[in-house]
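Shown here is one chain on its own, the form predicted on its own, set out as structure tokens.
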């Protein structure tokens, strides 16, 4: 059962995480976030928590896009209240990074957890594996964190473009393998998160956004991976038309800054849409949430659509609001 086989499926980005009290109870068992992400029991439990609570249609593996630089032996830390912080390396050092066999063993826990989750998950629910898009992962690898808007990466895009493209190719290869392993372990849907697409000038989209993601998709297809692939090009705005013409994803996730009416009118019906309720609207709840959900359901009527947010669930979101949105959608089925 993959996501395209389901009738109006519902899931949420960051559905497993800090908005759930049951997640917070188990998160304290591991001091380090990556340690939690590589712990077999933690992955299984946290992935299934939102399914048990909300009976959602899809589970998404509890992991992080920065497992890629980690297994390439770049130091990755997560600082409480700040987020990821990576070891600052020069471009030649980044290009010389190689897979660390010991750290690959950590990642095997993730694949083993996927096998267990697939056994525990009802056959009518799908299981999503994912990675970060090469550009987005490169932004963290080059700048270390997001606090300065990836200034260093943007400069390299202009001054050292061939070097940066070489780094993207390295990330493509490792990401392809990571997605392939998730597929082999039991994931029936795959997703690529392009969280920092908005940092790229439109005239550079082909080299930094389109080609790397398309290469991953083509690599997977050449290895007979025939499951649906979702891509989330956050922040591209109306350039999403050009994006879908160059990236052969089955499903495009729409961020909450976009007008879904415009999207419906301008994106080919063959492309399945996902999204795009504002996470802040879900956080605040009330009549505005009801209005937004009803409006979205009206807009996408007659179109294949996966109900989701335009970004991840915010940590402060009440579980009651999440349950309310699910109930509203299912009443319309």
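Residue numbers count along the first chain shown, from 1. These figures come from a predicted structure and were not determined experimentally.
Heads up, the form predicted together with coproporphyrinogen I isn't pictured, but that's what we're talking about next.
Coproporphyrinogen I in the predicted complex comes within 4.5 Å of no heavy atom belonging to residue 262. When coproporphyrinogen I is considered in the predicted complex, residue 78 lines it closely, a heavy atom lying within 4.5 Å. Proximity of residue 13 to coproporphyrinogen I in the predicted complex falls within the 4.5 Å heavy atom cutoff.
The shortest heavy atom separation between residue 146 and coproporphyrinogen I in the predicted complex is within 4.5 Å.
Between coproporphyrinogen I and the residues 111, 183, 130, 243, the one pair within 4.5 Å by heavy atoms in the predicted complex involves 130.
For the residues 300, 272, 267, 65, the 4.5 Å heavy atom test against coproporphyrinogen I in the predicted complex is passed only by 65.
Partner proximity in the predicted complex, defined as non-hydrogen atoms within 4.5 angstroms of coproporphyrinogen I, places exactly one of 273 to 281, 287 to 295, 57 to 65, 300 to 308 at the interface: 57 to 65.
Contact check at 4.5 Å (heavy atoms) against coproporphyrinogen I in the predicted complex: all three of 18, 23 and 27 pass. Shown without its partner, the chain has 195, 196 in segment 194 to 209 as residues with a non-hydrogen atom within 4.5 angstroms of coproporphyrinogen I in the predicted complex.
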